[in-house]
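Before any questions on binding or motion, here is one chain by itself as C-alpha cells, the form predicted alone.
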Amino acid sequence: MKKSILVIDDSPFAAQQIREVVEGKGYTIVACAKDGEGGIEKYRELHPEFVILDIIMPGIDGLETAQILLKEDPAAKILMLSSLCDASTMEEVRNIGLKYLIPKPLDADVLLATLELLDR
C-alpha cells in the first residue's frame, strides 16, 4: 500500500519535483497546497501519512503551519523543506518539535531517505 503525502509549497516546480521523486517509490501525492491555510484545510480533510512543507510561503509560513498541524495532531509526520537551512532555521524547526529539514534544491536521495527516517 502506498503511503500518502500532502505537499505544501508555493512553488509548482518544487511540488512537481517532489511528485517525480516519490511516486513509484511507495508514496503517492494526495494533494498539493500553495500556502499554509490551504495545507491545513487539506490535512484536515485527507489525513495524509506525511506532510512535506516549505518554510517560505505567502500568508502563514511553514513554521506556523507546522505548529498548527502539530497542535491539532501531535503525531503528524512533517518534513520541512527550504532554501533556508542554516543553524538558526534548524533550531526553529527543532523548537517546533520537528526533526527534519532538508535543503532546496531538492536531492532525490535525501528526500527518500528522510521520508524513511520519518516513518520509523
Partner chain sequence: MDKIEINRLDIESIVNAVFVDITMQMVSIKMLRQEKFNSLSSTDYCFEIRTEGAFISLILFEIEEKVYERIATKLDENVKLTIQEKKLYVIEYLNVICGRILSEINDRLGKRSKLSVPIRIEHKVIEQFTWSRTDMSYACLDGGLNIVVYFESKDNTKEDFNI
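Residue numbers count along the first chain shown, from 1. All values reported here derive from a predicted model rather than from experimental measurement.
What comes next is about the form predicted together with the partner chain, which does not appear here.
The partner chain in the predicted bound form: contacting segment from 45-53, 78-86, 65-73, 22-30, heavy atom within 4.5 Å = Result of the contact check: 78-86.
Determine whether any heavy atom of G97 comes within 4.5 Å of a heavy atom of the partner chain in the predicted bound form, and answer yes or no.
-> No, no contact at 4.5 Å.
Is L111 one of the residues lying within 4.5 Å of the partner chain in the predicted bound form, judged by heavy atom distances?
-> Taking the distances in the predicted bound form, the answer for L111 is no, it never comes within 4.5 Å of the partner chain.
Proximity of E37 to the partner chain in the predicted bound form, heavy atoms at 4.5 Å = Although the partner chain is absent here, E37 would stay clear of it in the predicted bound form, with no heavy atoms inside 4.5 Å.
Any residue of 66-82 that, in the predicted bound form, places a heavy atom within 4.5 Å of the partner chain = Heavy-atom contacts to the partner chain in the predicted bound form: nothing from 66-82.
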